[in-house]
Ligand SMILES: Cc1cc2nc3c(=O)[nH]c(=O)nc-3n(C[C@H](O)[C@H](O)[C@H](O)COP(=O)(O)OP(=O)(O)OC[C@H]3O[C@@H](n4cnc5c(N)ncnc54)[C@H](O)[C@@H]3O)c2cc1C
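Only one chain comes next, encoded as structure tokens, the form predicted alone.
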Amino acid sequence: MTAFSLEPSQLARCAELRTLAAERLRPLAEKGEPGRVNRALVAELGALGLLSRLFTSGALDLCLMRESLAQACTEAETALALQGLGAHPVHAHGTPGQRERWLPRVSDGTAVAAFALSEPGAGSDAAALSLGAERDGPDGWRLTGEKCWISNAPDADLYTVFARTTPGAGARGVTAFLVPADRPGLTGSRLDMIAPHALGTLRFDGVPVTAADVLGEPDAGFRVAMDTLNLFRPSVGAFAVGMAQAALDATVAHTATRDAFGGRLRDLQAVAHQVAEMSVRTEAARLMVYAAATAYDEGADDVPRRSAMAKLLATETAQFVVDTAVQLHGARALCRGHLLEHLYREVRAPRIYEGASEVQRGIIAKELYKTLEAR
């Protein structure tokens, strides 16, 4: 297998996932309440063995799962991805005790995980976070402050929380903590946003944590965050590619059968060329996502740049493809419940979360200049 082609077994697995998403996951997703964690859907992902694969598969397999699920059921894709995002720091940096307690429950879908990095004043600039961790005895801290725009909050069972343990130290003064939802002083509320999955705020009022809750090392939490994001950024791109492909497929079917101006829409050159452009951009984004994921799996030196490039191109591409699909479908695509109405709401957020497009461009430029200076 290369970064530019898939093995027959991988293609077959992707087709199987699309079928599972359509037949078993989408019905559960449709019964869920917008803005709330759909625990029945999470449990089914666990029963199908998909959640356990989050901790046994490489970046490319993660991308293939997210892309395949997104084509048929974006809610299932997002539920899977958020379990991985919230629990990957435990898998990669947790103690044996932390992993033994939480990973089996995350894998079978009985525990919901969340990644709590963003704050009201520190979204894209993660190193500027201000959630305070004040020393409480020789072996503990008290967390005080707020997190915002946290997926799965406030319904999650465990949170990977990033707090400032050394004031004024920038990225070098942040520690990652594993915080169960039942800790005293931890509360939260829901946010009403266009994204259909749960998003909320978390408030920490002297929440107690100890050395047993640290993920990695004290003051080394930023590395935990970046390690997680470098893995998941290409797969955000895969999510975007899956949405773009769904929009493209719907557009090809619609323009091939829709009568307009004495013929079919596809007979109009202006329409046909737009469909072709949608296809070219989607395939280009897909290849960049696969290349970035392969680089991660092979331990390449340029993973941060490739991850940023994949997320940037794929999310911007998906926005273009979905918007063009809406335009070619006309008013019907704006009706509540239409596939494209759903995708139109879904596609906007990935250009912001896990590092906005502008942040990705900054990472790419920084890595290019770093390479030049190292020569």
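Note that the coordinates shown come from a computational prediction; the quantities given were computed from them, not determined experimentally. One rule holds for the numbers: they count along the sequence shown, beginning at 1.
One more form of this protein exists, namely the form predicted together with the ligand; it is left out here, but the text below deals with it.
Although the ligand is omitted here, in the predicted complex all of M193, H197 and Y353 have a heavy atom within 4.5 Å of it.
Although the partner is absent here, S118 lies within 4.5 Å of the ligand in the predicted complex, judged by heavy atoms. Using a 4.5 angstroms limit between non-hydrogen atoms, W149 touches the ligand in the predicted complex. Contact check for A349: a non-hydrogen atom falls within 4.5 Å of the ligand in the predicted complex. In the predicted complex, the ligand lies within 4.5 Å of some heavy atom of G123. Contact with the ligand, judged by heavy atoms within 4.5 Å in the predicted complex, is confined among 150-158, 267-275, 181-189, 286-294 to 150-158.
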